[in-house]
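The chain below stands alone and is given in structure tokens; this is the form predicted alone.
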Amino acid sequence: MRIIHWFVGSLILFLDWLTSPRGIKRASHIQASVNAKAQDFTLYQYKACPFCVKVRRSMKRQSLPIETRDAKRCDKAKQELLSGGGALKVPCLRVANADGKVHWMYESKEIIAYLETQFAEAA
């Protein structure tokens, strides 16, 4: 079973690399604003998870420099996800609001829709 998981994961990563989307081009001052706003977001993910790949591709299409943390390979990221989000489930987007509150968002479709609404004016 481990060999099958390794093979499928490698295939997913290869296809993602092969068909990687291009990011949108923005004026430098607009991209700087997007970069500043993106610092409030962190994506907890597994490298070969198909739902995580889906979210990362959306981030790349929107040219969002959101930090990613591998909750499978990094024990610190795993503990952050468990203590903050409450479940070891990926993808999970950590959103730090301006008022200091932190919101944890699961489900790839929700994350993608949220990012599209948050960064729509910058497109």
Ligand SMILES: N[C@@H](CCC(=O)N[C@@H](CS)C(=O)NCC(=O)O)C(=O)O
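In case it trips you up, residue 1 is the first one in the sequence shown, and so on. Bear in mind the structure is a predicted one, so any value in this text is a computation, not a measurement.
Absent from the display: the form predicted in complex with the ligand. The rest refers to it.
Asks: For the interface check, one of 62-70, 47-55, 93-101, 24-32 should have non-hydrogen atoms within 4.5 Å of the ligand in the model of the complex; which one?
Replies: Selected range: 47-55.
Asks: Is it the case that residue 82, even though its partner is missing from this view, gets within 4.5 Å of the ligand in the model of the complex, heavy atoms only?
Replies: Heavy-atom contact with the ligand at 4.5 Å: absent for residue 82.
Asks: If you check in the model of the complex, is residue 74 within 4.5 Å of the ligand, heavy atoms only?
Replies: Residue 74: no contact with the ligand in the model of the complex.
Asks: Can you work out whether residue 37 and the ligand are in contact in the model of the complex, taking contact to mean some heavy atom pair no more than 4.5 Å apart?
Replies: Contact with the ligand, no.
Asks: What residues of 85-113, in sequence order, lie within 4.5 Å of the ligand in the model of the complex by heavy atom?
Replies: Sequence-ordered list: 88, 89, 90, 91, 107, 108.
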